[in-house]
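Listed next as structure tokens is one chain, alone, in the form predicted on its own.
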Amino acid sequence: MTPDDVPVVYRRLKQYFETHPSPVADFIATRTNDPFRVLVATILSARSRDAMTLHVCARLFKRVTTFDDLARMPVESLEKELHPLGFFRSKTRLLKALPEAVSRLFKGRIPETIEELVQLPGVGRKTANLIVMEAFDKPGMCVDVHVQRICNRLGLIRTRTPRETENRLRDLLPMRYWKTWNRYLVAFGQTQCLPRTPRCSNCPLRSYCVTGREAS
């Protein structure tokens, strides 16, 4: 794949996303566009499957919808809610630290820039990019394991770290693709371009993919 192939590859990824159910599609729906939900759900999703994170968030958001709710919730109750997730104790600590951090650093509002967001507990660049895109409808380039893996498999980039990938994709992709690039590739990576056994034989991107051509 070359940068000139981006428009047709993007269209195929979009079509795939719209016709193949995936955990990330349901997960996006539960976050809505509420900055609080996007922030909390994205922190909880780290090192956890989207389907399980969706289940936990659906229950949690029935009890917790604001930072005040989160501050009032006892640690033991929050741990119980998050128990199905990996690293639930560390995620409990991060969520309990959020209300104070947001109040102290940003006077109770969730900031709208990546540089500010990464100052919050549990927020790295991936989370920050996702928040600015989904909660504030601003350009961002969210790089997770699926984006990192698939973009390198396609041969679009040759990078080793998420930050390097973010920078390269910001240079290569038209800004109109940024907001949905992550969700399309996550869905594709969850159901088609799997980490260990990619389904190359029936892949709609096979003719554009270095790995797919080598597998033939």
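For clarity, every value in this text was computed on a predicted model and none was experimentally measured. So that there is no doubt, residue numbering starts at 1 and follows the sequence shown. For the two forms, the rigid core is made up of the largest set of C-alpha atoms that agree within 1.5 Å on superposition.
One more form of this protein exists, namely the form predicted in complex with the DNA; it is left out here, but the text below deals with it.
Only one listed stretch (170 to 178, 151 to 159, 65 to 73, 42 to 50) carries heavy atoms within 4.5 Å of the DNA in the predicted bound form, and that stretch is 42 to 50.
Though the DNA is absent from this view, in the predicted bound form it lies within 4.5 Å of a heavy atom of just one residue from Thr113, Ser77, Ser90, Ser103, which is Ser90.
In the predicted bound form, the DNA sits within 4.5 Å of a heavy atom belonging to Gly124. Contact check for Pro195: a heavy atom falls within 4.5 Å of the DNA in the predicted bound form. Heavy atoms of Asp144 reach within 4.5 Å of the DNA in the predicted bound form, making it an interface residue. The shortest heavy atom separation between Pro139 and the DNA in the predicted bound form exceeds 4.5 Å. Taking 2 Å as the criterion, Arg160 counts as shifted between this form and the one not shown: its C-alpha moves by at least this amount when the rigid core is aligned.
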